[in-house]
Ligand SMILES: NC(=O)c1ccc[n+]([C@@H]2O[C@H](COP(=O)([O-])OP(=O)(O)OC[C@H]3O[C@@H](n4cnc5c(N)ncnc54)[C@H](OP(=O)(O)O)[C@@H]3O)[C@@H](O)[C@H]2O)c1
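Consider the single chain below, provided in structure tokens and representing the form predicted on its own.
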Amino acid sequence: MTETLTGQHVLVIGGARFLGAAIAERARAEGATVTIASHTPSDAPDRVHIDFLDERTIAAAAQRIGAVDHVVSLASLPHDVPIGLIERDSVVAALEAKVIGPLLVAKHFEIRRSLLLFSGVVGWRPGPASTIKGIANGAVSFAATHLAAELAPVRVNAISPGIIDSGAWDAKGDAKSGFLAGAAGRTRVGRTGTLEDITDAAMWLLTAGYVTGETIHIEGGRA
């Protein structure tokens, strides 16, 4: 790390659970003040309401909490269906969560240091019923490149995770272990990702003052 988060304010959008919660906890451990944004309204002093489908909530949140040093956006509304079953509103919502929402955050918030977006491995690994998610995740990478130029000297980067044992796969129940084992077998390092893999990368990008416009792939060399 070339900088430190001590005394800085980090806004984590989608920070209530899974990867977002882990990043928020790690940022606090690194000395940052953390505000968590979610689509569920809350009166808690460290929470703010942001719904990427409603620009008014973004503007209101920016007015409420003022300038921030860093923003991390993990919002996602996947629409994983075959192309013959896609629904227009769900396609738009997927793009709003991954791309349009962060653009509106950049519009309304005063960001002093960096904006960190989250893409995903499916953007570079096309497959059945993942077209919408793949396009949205690929667009995140372009958003990071273009926003880095638009917002400079504020730095903008993206993380593209592979399969991470973040808690998001717990809903698979007994099938989870087999799913993760299969995912591990498709990597060059022979394992799935951990929360620490992502939080390490996020902390580095938040503090790496000479890195901007990049998408970092944390996927174990996914084949």
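This is a predicted model, so every value here is computed, not measured. Quick note: we count residues from 1 along the sequence shown, nothing fancier.
The protein also exists as the form predicted in complex with the named molecule; that form is not presented, and the subsequent description refers to it.
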{"query": "The named molecule: the contacting residue among Ala32, Val156, Ile163, Val68 in the predicted bound form [heavy atom, 4.5 Å]", "finding": "Ile163"}
{"query": "Contacting member of Ala139, Ile100, Leu77, Ala106, with respect to the named molecule in the predicted bound form [4.5 Å, heavy atom]", "finding": "Leu77"}
{"query": "Contact label in the predicted bound form: Ala27 to the named molecule, heavy atom within 4.5 Å", "finding": "no"}
{"query": "Contact of Thr187 with the named molecule in the predicted bound form (heavy atom, 4.5 Å)", "finding": "no"}
{"query": "Partner proximity in the predicted bound form: Ser119 to the named molecule, non-hydrogen atom cutoff 4.5 Å", "finding": "yes"}
{"query": "Ala16: touches the named molecule in the predicted bound form, heavy atom cutoff 4.5 angstroms", "finding": "yes"}
{"query": "Joint contact, Val81, Gly134 and Ala171 to the named molecule in the predicted bound form, by non-hydrogen atom at 4.5 Å", "finding": "no"}
{"query": "Residue stretch of 124 to 132, 142 to 150, 111 to 119, 81 to 89 approaching the named molecule in the predicted bound form, non-hydrogen atom distance within 4.5 Å", "finding": "111 to 119"}
{"query": "In the predicted bound form, residues of 190 to 220 near the named molecule [heavy atom within 4.5 Å]", "finding": "none"}
